[in-house]
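Single chain ahead, by itself, as structure tokens, in the form predicted on its own.
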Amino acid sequence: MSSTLVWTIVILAGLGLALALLLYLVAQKFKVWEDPRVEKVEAELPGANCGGCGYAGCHDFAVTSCAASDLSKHYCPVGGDPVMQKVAAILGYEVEKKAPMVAVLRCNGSCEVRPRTNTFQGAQSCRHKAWLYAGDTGCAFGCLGCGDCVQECKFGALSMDPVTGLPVVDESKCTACGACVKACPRQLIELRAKGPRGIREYVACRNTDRGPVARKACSNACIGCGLCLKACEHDAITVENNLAYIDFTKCKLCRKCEAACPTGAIHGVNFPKPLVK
């Protein structure tokens, strides 16, 4: 073997060792330490990265959970209480149990009760419609029907009903991540307590026009008459800006408000017996 080849090998070997040492020193200097509990917490999370917790994803949730002094500002809606109990056990914290939530659509303006007044020819997006004009019906508060919420749901819990033109929530799949809430430009989707055995009561309307105007645009609209307010014995209903709202933390599911509503704007879900007015 010639001396030239030997020196070439030595120089290359030395250069490789020098670069390896340099890379090691740089890596040590700029090394970011991560709490070993982060990996354990993240392993217990569902991995949906839906953002329903308010953080960028499951990893960010795990990092901020480990850095927090308690879990009062941390809750994974997809995993719910079982997952949060495991996270709390890893971190040595206590966690408060929360009632299961579900998305509800606060609009009952189907094609039958809210007829179209025009046809939108642009991109089929609720957001685009909301930017451009009041909508293709007489109600400027109702569902725009393009399904932006359906597209944003990562769990297949939403679908469009071709008959009513409204989104339908499959509560068996809904994780209450809130993606649909953020997607709706008219804030028609709300997260509410799922209720005992899935039973709940809510006002399926967001129209704040005066009664006659609201009723003309949609026969199922809340007209702000206040009859539900008078019927409620639990102080669960308020009427502001011509619109009723039911506080699910106070509602006792007696259905008296639903029976009193003259337009059917109040919806009772999963009750074992039909309402008798």
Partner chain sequence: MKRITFSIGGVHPQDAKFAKDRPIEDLPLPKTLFVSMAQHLGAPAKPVVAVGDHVLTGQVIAEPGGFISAFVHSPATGTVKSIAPRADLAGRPVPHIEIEVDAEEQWAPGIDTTPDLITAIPEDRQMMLDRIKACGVVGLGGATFPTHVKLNPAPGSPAAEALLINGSECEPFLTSDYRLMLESPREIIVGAAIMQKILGGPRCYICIEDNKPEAIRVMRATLAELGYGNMVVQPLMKKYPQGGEKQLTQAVMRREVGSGALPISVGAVVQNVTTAFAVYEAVQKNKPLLTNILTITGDCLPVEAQHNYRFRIGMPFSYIVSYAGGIPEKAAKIVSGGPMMGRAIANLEASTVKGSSAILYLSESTTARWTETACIRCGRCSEACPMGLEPFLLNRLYKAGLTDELEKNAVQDCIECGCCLYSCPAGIPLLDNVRQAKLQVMGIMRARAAAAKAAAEAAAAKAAETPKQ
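If you're wondering where the values come from, they're calculated on a predicted model, not measured in any experiment. Residue numbers count along the first chain shown, from 1.
What comes next is about the form predicted together with the partner chain, which does not appear here.
Here the chain stands alone, but in the predicted complex its contact with the partner chain, taken as any heavy atom within 4.5 Å, falls in 115 to 123 among 115 to 123, 68 to 76, 83 to 91, 192 to 200. 127 is the sole member of 154, 127, 182, 173 with a non-hydrogen atom within 4.5 Å of the partner chain in the predicted complex. Checked against the partner chain in the predicted complex, the residues 168, 111, 134, 99 give one hit for a heavy atom within 4.5 Å, which is 134.
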